[in-house]
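Presented below, as structure tokens, is a lone chain in the form predicted alone.
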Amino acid sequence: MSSATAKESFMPAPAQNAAALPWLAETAAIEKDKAVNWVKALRATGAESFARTGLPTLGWEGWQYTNLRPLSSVKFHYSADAAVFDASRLPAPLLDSYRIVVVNGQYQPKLSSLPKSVTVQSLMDAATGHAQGLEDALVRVGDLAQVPLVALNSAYLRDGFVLNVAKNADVDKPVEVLFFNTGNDAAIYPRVLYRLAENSGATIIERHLGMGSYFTNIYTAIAQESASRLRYYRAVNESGNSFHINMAAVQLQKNAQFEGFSMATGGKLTRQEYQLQLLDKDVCCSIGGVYLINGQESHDFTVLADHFEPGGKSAQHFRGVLDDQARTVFQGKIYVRRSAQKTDGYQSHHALLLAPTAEASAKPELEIYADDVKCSHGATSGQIDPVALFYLKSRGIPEQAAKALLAEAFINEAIEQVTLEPLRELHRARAAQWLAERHT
């Protein structure tokens, strides 16, 4: 199959979505790969599913507030060729850390450094090597018809990497994963797998950067075995002409601990989705984030914490500041199954609007079938407290500086969740810089 027209053979024409076919035209670039059978099958299944559905519209459950129509205004192109770039232009590491470099979705081993307790392979090398459990971890994505962008990612299954942390190993320094995109209207579809073996621990810091116009559609799988510990941080600072879609599926076994946090600035449209599955007893899981957006930027946090077994704890803490005509969405859900007694779940989202034209939408949910739980949620949005602003002004602080101080205090309450102190301080500095730029 060498073109979008060939994709018509997947199904009868009436079942196809005509708008979907151009997105699949360049799957021909990877169909000649010597991929193992399960990879080929997943590609075909993803392409067939996306050919039926196309991109989610505002009528889709979970997409009511995030409009993907601007994606269709640019013709993005996928390339299977090796990424061409100037390594000297890559940013320096944020902290003293190990490093994995990914350019246009492609793992760059010559620019990466790791300890002996961590192994990394490109996605296709790992698949060819028949790594134990790899197929199960990468294919377990649910009903692709319900997640069209994951189906599209599956249709282009080729780029990305697999990271494994050995049993009983504690990685002594953070591992920074730099995702750098070179623009040129590129379509980028990496798939990433982080696997932590029993009683292992690691800190992973993802940085998402780029220049120019591009579309990134990432699927991230995280598999934590019993008693493993992961701190998973994202810093999303994409180009102003970029579209960033990232879905993370996290599976947590008995006594596993997961701390996730994302700081998002920049990007024309960004959606970060987390599906957290607390599969066994006594799992502790927290996820949080902050967004700082302005202009006509749009950001969407969508989170599901799914409790399967007793004694699980989950927390969701999100805050954001919006200026100009920016739009933000928070969709958070705690789902407690009948067997998940003694669940402790908490969820909150608070948005601060610096302009009357900014818009914040929130949809917090609790769905509980167990009868011995402690769960709560809350969501607010509003402008700067005029009483607090008057107090600071009465102490001689200029109005614009006073607004920046109040907004900084607001956002820092969420940044406090980051337990890695050097990164926490970097986030604070970045927030202060962003707010100062708005109020000078």
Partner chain sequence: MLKIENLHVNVAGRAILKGINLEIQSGQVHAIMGPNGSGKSTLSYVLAGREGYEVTQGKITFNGQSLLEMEPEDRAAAGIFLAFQYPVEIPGVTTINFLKTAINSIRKKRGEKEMEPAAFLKLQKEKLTKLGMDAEMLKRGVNVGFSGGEKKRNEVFQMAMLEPKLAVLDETDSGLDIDALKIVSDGVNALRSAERSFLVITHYQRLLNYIKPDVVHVLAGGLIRKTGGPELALQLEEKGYAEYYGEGEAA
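If you're wondering where the values come from, they're calculated on a predicted model, not measured in any experiment. Numbering follows the first chain given and starts at 1.
The discussion below concerns the form predicted together with the partner chain, not included here.
395 is the sole member of 69, 395, 374, 34 with a non-hydrogen atom within 4.5 Å of the partner chain in the predicted complex.
Of the residues given (44, 379, 388, 29), 388 alone sits with a heavy atom within 4.5 Å of the partner chain in the predicted complex.
Note that among 34-42, 60-68, 380-388, 47-55, the stretch whose heavy atoms approach the partner chain to within 4.5 Å in the predicted complex is 380-388. At the 4.5 Å threshold, heavy atoms of residue 406 reach the partner chain in the predicted complex.
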